[in-house]
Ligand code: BGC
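In the form predicted alone, a lone chain appears below as structure tokens.
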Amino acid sequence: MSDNLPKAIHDHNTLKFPEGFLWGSATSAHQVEGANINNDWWQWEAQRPLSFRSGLASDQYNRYEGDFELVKNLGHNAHRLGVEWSRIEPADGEFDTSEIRHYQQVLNSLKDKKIKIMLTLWHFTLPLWVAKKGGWENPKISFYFERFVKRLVPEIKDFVDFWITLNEPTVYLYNLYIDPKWPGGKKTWLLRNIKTFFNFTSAHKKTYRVLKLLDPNKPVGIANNIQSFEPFHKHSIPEQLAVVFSDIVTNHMFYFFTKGTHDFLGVNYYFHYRLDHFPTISRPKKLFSALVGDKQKFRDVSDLGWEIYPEGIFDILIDLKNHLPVYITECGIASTNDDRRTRFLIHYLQEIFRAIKSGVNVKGFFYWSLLDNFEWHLGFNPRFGLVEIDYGNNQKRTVRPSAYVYKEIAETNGIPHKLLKLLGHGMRVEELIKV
């Protein structure tokens, strides 16, 4: 071989993220607070086995100070959390000032620790009185939600850096109407689904305008469940059409009907699907279904059977290129194997880094979740947390090794080369954090 040939260049530097990048984790009120006795989920859970009732959940309502010390000590500079509407307005038009003060104390605890706050105003639960009036099917819900926001926001706006109006409205629609598993679910496809969808868009637009009046300098968005699709057979025209249709309905339609009322795009990413059919009204449930059986057998999946596909987050981010700033508002893995969680984090963050280098304006990443929590209709078995919760031992917290790897990433604002190299050598996380 000639000595004149150019030598390969290997970059051994840290994969540096943009200056000011937000590194954090996320929770939702009902999943971690516990004892949310005034909402629709609490009533629905009462009819289920004990392991599928939220109960005390992670008891963060009482333990928030210790949990936020963990946030600080683990190197996070941002945190996403939510408020529980049913605590603040337990009856129609009646607001509980003691609960508002509680949330002021919660948010102040984060501010004292110099943590930026992304606050979610609605995350799946409804006050029971709203649910009894028809929930999101009732056209008046945008009025009820706007009234709640007008009462709450002036009390807490000084603590909040980013507002999330709604969390995953399309996921809510799916679990109510297409594959009903949640409170108020009804097997239907078109009419209720469409009506509820437009009630969501109306509520978001009204809330956006209210927030811009009450707190004009803070960015407002939603946390949208963005999914990655590809055809199972690369050259199948029906499957290609299915990908385009599914991408439009799932990833873009809400934005289309709420155009001009987003300051950023909040991306929740968990799902990658290979479609082997074109969805029809007779098979609506299949619209978002992953392939099963032999077609899925050799895929790498989480404990919930969700495919682990890092390339998918690159694909969906490229699809958002040249639009608004992007925050990854949720991305995580349910696994009792913490080595897998570490590999998940590094591989997905590599793809996010690649998207940034390709011109996508990604400005933050919030791992789901800070804590193990109540995973809705799936109960307590799925373990997403950087911090383990021992539900049989007074909700004892134990920081998982993956949290320390994420801490190094956050504190260096990038992925150190040693993490890429050592993971390639198959080292366990416990060995990795000692290097």
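All residue numbers are counted from 1 along the displayed sequence. The shown structure was predicted, so the numbers you read here are calculated from the model rather than taken from an experiment.
Keep in mind the form predicted together with the named molecule is missing from the figure; the text below concerns it.
Partner-proximal stretch of 149 to 157, 117 to 125, 357 to 365, 246 to 254 relative to the named molecule in the model of the complex, 4.5 angstroms, heavy atom: Contact-bearing stretch, as computed: 117 to 125.
Can you pick the one in 375, 408, 388, 69 that has a heavy atom within 4.5 Å of the named molecule in the model of the complex? Selected residue: 375.
Only one of 261, 170, 268, 196 gets a heavy atom within 4.5 Å of the named molecule in the model of the complex. Which one? The residue in contact is 268.
Can all three of 25, 338 and 404 be found with a heavy atom no more than 4.5 Å from the named molecule in the model of the complex? Heavy-atom distance to the named molecule in the model of the complex: none of the three under 4.5 Å.
Residue 306 versus the named molecule, in the model of the complex: is there a non-hydrogen atom within 4.5 Å? The answer is yes: residue 306 has a heavy atom within 4.5 Å of the named molecule.
Interface membership of residue 86, the named molecule in the model of the complex, 4.5 Å heavy atom rule: No, no contact at 4.5 Å.
Taking the shortest heavy atom distance, is residue 342 within 4.5 Å of the named molecule in the model of the complex? Result no; residue 342 lies far from the named molecule in the model of the complex.
4.5 Å heavy atom contact, residue 54 to the named molecule in the model of the complex: Flag for residue 54 set to no.
Enumerate the residues of 204 to 227 that have a non-hydrogen atom within 4.5 Å of the named molecule in the model of the complex, in sequence order, or give none. Only 225 sits within 4.5 Å of the partner.
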